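Here we start with a single chain on its own, the form predicted on its own, put down as structure tokens.
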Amino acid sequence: MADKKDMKPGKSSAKQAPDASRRQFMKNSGLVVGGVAGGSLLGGLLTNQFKSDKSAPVKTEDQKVELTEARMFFERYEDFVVLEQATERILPKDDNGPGAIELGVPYFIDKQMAGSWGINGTDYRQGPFLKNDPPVDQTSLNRGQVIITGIRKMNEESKNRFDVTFDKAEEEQQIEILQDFESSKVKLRGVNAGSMFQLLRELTMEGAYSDPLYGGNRNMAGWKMQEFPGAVPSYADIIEKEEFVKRDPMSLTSYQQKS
């Protein structure tokens, strides 16, 4: 152990280097703060600067952040929360497994609407179009416009009926509105409400059970819930087995060749 007497000025020692650096820092800090900072502030700076990091706990990011989950189509958050609640009512969380929100269905729908499919990019889109309550495939609206029109109408209906936004309404109230959409009791501008609801229901199921590469079926939880093996390239290794083989699901990204 180094003795204090070895720390006298003029003595050359490797253990003195931190102290010299400390004095240099004090000198530089004094120049920067120009003597304005009080002793307590300067003392705090010095303490933090030279505090040993070896004893400090290392902070780790325990919660995984899904960087691909950001809204591209639903620019308004108030629209997105209505979408979340509508899909959750269609596929609610229960004892069988997670619901639409936990499966990432709203983000799956957002990605579909933001892409070429959402604007009917490869569809034949010349008129004439049906003007009186047309279904989704006969309206002049593209799919993204159909979904956003329906979502905002759900919110409007909730405010008019229950004096709360759709996402704040009780589950029974949300279900009542969705059932009126399904039976076309609600009137939408440019598209039939029942047809819009059918599109939303199809998108919810696709988001829950399609390959996770499309943005839904988070952690393949939808497949696990159904005991579906996913995108298995071959069953040659088990096809002749007598007993039932249960295997973990596999996504396309699990076996595709990567550079």
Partner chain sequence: MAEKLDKVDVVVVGSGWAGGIAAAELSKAGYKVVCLERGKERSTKDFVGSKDELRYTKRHELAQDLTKQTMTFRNNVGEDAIPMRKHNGYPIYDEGTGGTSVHWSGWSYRWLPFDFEIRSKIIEKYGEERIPKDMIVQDWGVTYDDMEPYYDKWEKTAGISGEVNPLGPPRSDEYPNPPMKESPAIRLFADATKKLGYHPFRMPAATVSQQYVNPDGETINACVFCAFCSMYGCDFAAKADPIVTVLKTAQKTGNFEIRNNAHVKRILHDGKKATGVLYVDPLTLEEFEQPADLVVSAAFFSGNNRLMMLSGIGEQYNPETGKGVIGKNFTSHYTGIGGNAATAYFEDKKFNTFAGAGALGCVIDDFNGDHIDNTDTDFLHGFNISIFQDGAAAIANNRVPQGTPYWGKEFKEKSVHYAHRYLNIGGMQGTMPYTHNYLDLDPTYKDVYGDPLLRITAKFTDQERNMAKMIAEKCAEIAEEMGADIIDTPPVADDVEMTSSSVNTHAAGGVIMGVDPETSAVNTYSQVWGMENVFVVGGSSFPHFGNSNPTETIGAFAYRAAEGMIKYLKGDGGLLVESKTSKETV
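All values derive from a computational prediction rather than experimental measurement. What we label the rigid core is the largest C-alpha set whose atoms superpose within 1.5 Å from one form to the other. Numbering follows the first chain given and starts at 1.
The same protein also has a form predicted together with the partner chain, omitted here; what follows describes it.
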{"property": "One stretch from 69 to 77, 113 to 121, 151 to 159, 185 to 193 that, in the model of the complex, holds residues within 4.5 Å of the partner chain by heavy atom", "result": "113 to 121"}
{"property": "The partner chain contact at residue 203 in the model of the complex, heavy atom, 4.5 Å", "result": "yes"}
{"property": "Non-hydrogen atom contact residue 125 with the partner chain in the model of the complex at 4.5 angstroms", "result": "yes"}
{"property": "4.5 angstroms heavy atom contact with the partner chain in the model of the complex for residue 243", "result": "yes"}
{"property": "Contact test in the model of the complex: residue 226 vs the partner chain, heavy atoms, 4.5 Å", "result": "yes"}
{"property": "Within 4.5 Å of the partner chain in the model of the complex: residues from 232 to 259 (heavy atom criterion)", "result": "232, 233, 234, 235, 236, 238, 239, 240, 241, 242, 243, 244, 245, 252, 255, 256"}
{"property": "Core-superposed comparison between the shown form and the other one, residue 238 Cα displacement 2 Å or beyond", "result": "yes"}
